[in-house]
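Okay, so here's just one chain, in structure tokens, the form predicted on its own.
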């Protein structure tokens, strides 16, 4: 069996699956249930200074699509609303009873060095394995000049990270906001400040839906609504890109990354790992299906690693990065053609409609022996993949690579304006 043990920025855990800092990690009862279910660690819900924040009711909005529940989750809950001393005592208790698990504490206090100096020794005393600096919360706390209000300003990211590293020896993970144009700016700022690792992505600013009776964004709180943080399967593509950007950039290459954003299955986990993540933080999937979902993720990841011949998590991390390139490095000579498996085809015609109306008119609608039939017109097909994506039958339409001679990238192409006159 593959060895799933994780060694991440000085933090050890029996597997890379951690619960993210969120409602599921807000109290000892939940965390103990999670660790009993097999999670490798948790990031305790963000602690702040006393007095605690005050949360509202309701707090969650959902994006459901085509019969699928919680494709995305919108959250307007703030950091923990429980007293600091209570949280610290519970963290200490959990770490004492689960010494092999990663117990990381998320922190957010005002952008004042003295505030960080006060809270860091209190967290150290619990025996926690590390801290995560929450520079990403996009609602509520950002209006108080914390959360994403810090994470969107690289100079602040660097400054606060440096304060923290000067006042604690605990491994420090900086949690990055996706609500920014260039994720590399806060990532490199965190590295300059001395961060031991980064985690991303935090939630995305969003209005998940509008109540057309109340005429207010959802969730509705006393007739009013606000923007919140968007998470769940719908944000996974955004998260994968940002994780990969940090992993492949020479300025941050080698910086440990904890991947977050829509991880719900072992396949999601594997994709984050090969794009550069070393640990995996999960929230929405646990809120949707319960803590035991980790069993399937552990089993699935382990079996996949065995099949691929990967012995450890380190063997997997970053495997796809050499193949994650800018568009101008792609081979313009490469070509695929769609191929329809007529035995699997259910004659629904979606491929034809999509191609005829919105693409390249490369699928013919025929009638053979009185039966509908759809065939690819090879000379018109540009290999765009749309037909394969709209087809409701798995593997009915496949994209077949064609023979190719040589490589031609855009910098080499005669139509590139940069080559005019050469």
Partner chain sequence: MDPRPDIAANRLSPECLAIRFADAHPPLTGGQAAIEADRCYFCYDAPCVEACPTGIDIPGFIRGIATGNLAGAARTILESNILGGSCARVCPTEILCEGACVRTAQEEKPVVIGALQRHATDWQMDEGTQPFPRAAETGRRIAIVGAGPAGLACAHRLALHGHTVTILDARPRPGGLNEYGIAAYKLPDDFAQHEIDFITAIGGITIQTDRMLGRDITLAELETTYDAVFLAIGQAGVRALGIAGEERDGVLNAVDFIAGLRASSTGADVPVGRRVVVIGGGNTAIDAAVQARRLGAEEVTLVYRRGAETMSATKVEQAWAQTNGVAIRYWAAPLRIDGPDGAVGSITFTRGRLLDGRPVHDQDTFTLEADMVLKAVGQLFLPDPLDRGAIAIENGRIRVDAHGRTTRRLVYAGGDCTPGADLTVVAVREGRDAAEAIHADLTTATGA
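Source: prediction; values computed, not measured. Numbering follows the first chain given and starts at 1.
Keep in mind that the form predicted in complex with the partner chain is not shown, yet the notes after this line are about it.
K.L.:
Taking the partner chain in the predicted complex as the reference, which of 33, 389, 59, 365 has a non-hydrogen atom within 4.5 Å?
P.N.:
Spelling it out, the residue with a heavy atom inside the cut-off is 365.
K.L.:
Heavy atom within 4.5 Å of the partner chain in the predicted complex: which of 253, 335, 144, 347?
P.N.:
Answer to the contact question: 347.
K.L.:
Among 50-58, 351-359, 380-388, 24-32, mark the stretch whose residues have heavy atoms within 4.5 Å of the partner chain in the predicted complex.
P.N.:
Comparing against the partner chain in the predicted complex, the contact stretch is 351-359.
K.L.:
Can residue 37 be called a contact residue for the partner chain in the predicted complex at 4.5 Å between heavy atoms?
P.N.:
No.
K.L.:
From first to last in sequence, which residues of 55-69 have any non-hydrogen atom within 4.5 angstroms of the partner chain in the predicted complex?
P.N.:
Residues within 4.5 Å: 66, 67.
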